[in-house]
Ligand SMILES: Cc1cc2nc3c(=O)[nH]c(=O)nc-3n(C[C@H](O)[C@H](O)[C@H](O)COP(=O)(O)OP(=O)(O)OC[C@H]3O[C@@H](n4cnc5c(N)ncnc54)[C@H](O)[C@@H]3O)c2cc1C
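What follows is a single chain, given as structure tokens, in the form predicted on its own.
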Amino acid sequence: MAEECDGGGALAGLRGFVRAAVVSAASDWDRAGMLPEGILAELGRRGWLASFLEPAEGGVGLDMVAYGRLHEELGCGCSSLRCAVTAHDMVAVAVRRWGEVGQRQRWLSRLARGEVVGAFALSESGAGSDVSAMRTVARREGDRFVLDGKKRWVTNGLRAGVFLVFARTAEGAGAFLVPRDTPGLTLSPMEPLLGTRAVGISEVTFEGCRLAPEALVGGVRAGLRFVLPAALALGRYAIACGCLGMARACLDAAIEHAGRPSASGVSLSSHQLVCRMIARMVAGVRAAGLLCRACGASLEAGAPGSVPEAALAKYFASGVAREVTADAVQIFGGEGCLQGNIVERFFRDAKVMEIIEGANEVLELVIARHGIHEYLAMAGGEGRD
């Protein structure tokens, strides 16, 4: 990403910040299993949290293509940090899109500044990709809801100030904004993790959590029908761009390593099979970049197909990240298996990307159904001509 392509100045300095403050520290964060205190607040001060919000809402008004570039650059440095921003932003987009005026006024500017961190609480044990199986329940007591249940794999859970929680109600599935200090809410870390180890994944338990009426976002039937799709479209797009970033970083590292002369004076890049791997890596990164840009343009335009476009971008880019990081480890050889090597860390992170925000097998169904619908629509139009 050229620094000139800065989303109207909002991304100026981003690449330099990632190189200076993120790349050099990401392996230490990975070992520690936690991002440093204040890193998200720093991103907020720079305008890089909930950056799609308009200035009047506390953001910097990035369009979706520039927003993707933000996540690509963060992805080049640290998948854990990029995941933390993505989950936080999924809460912000849900509040912006479906929240009442009071909810937007209370939360949006604070989320944009990083004064409060958002966490997205959807998945449960036995109800990951199959959200219809979730067992967390919000029952009415007078004008309030009482929340009971347990969520797992909650990104930002250990540092969040507010949780967007999906739960069943008597009328349907709802989404609720639950502050961290709500009585009955308890947190426990989930570790060790395969990848994105520093993101603060947690388990969140709700026992008799009494929620004010204004905690409900979008109505009691809106949780899975409206709030979740809006958040997932943004999240999948951000993951796709983050995967592009990590693939790009591993491609750069692999080319640099392969170009070094060995003790015999011959570089790895002189070998045809290594060149073949690099060629596949280049092609994958280029293709993923095109899909990510197209998805960003679709989201920015509010196109009807933007939700399946986000699924397609995430599906393809996460697959590219897996292949590119694996080939990068192979090119590095034994060095690529050492903890602390960027390709080793991204190799672990890449596998996680094929699972979160919709496992790729689930996304295949989404993509296939959309493709079939498009084909039938085109075939029907041709038949009428």
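Note that the coordinates shown come from a computational prediction; the quantities given were computed from them, not determined experimentally. Numbers follow the displayed sequence, beginning with 1.
Beyond the structure shown, there is the form predicted in complex with the ligand, which is absent from this document and is the topic of what follows.
By the 4.5 Å heavy atom rule, the three marked residues 196, 356 and 359 all count as contacting the ligand in the predicted complex.
Heavy atoms within 4.5 Å of the ligand in the predicted complex are found in exactly one of 277 to 285, 115 to 123, 169 to 177, 97 to 105, that being 115 to 123. Listed residues 154, 250, 234, 160 were compared with the ligand in the predicted complex; 154 is the one with a heavy atom within 4.5 Å.
With the partner omitted from this view, the residue of 238, 201, 91, 74 that lies near the ligand in the predicted complex is 201 [heavy atom within 4.5 Å].
In the predicted complex, the ligand sits within 4.5 Å of a heavy atom belonging to residue 352. Remark: residue 365 counts among the residues lining the ligand in the predicted complex, judged by a heavy atom distance of 4.5 Å or less.
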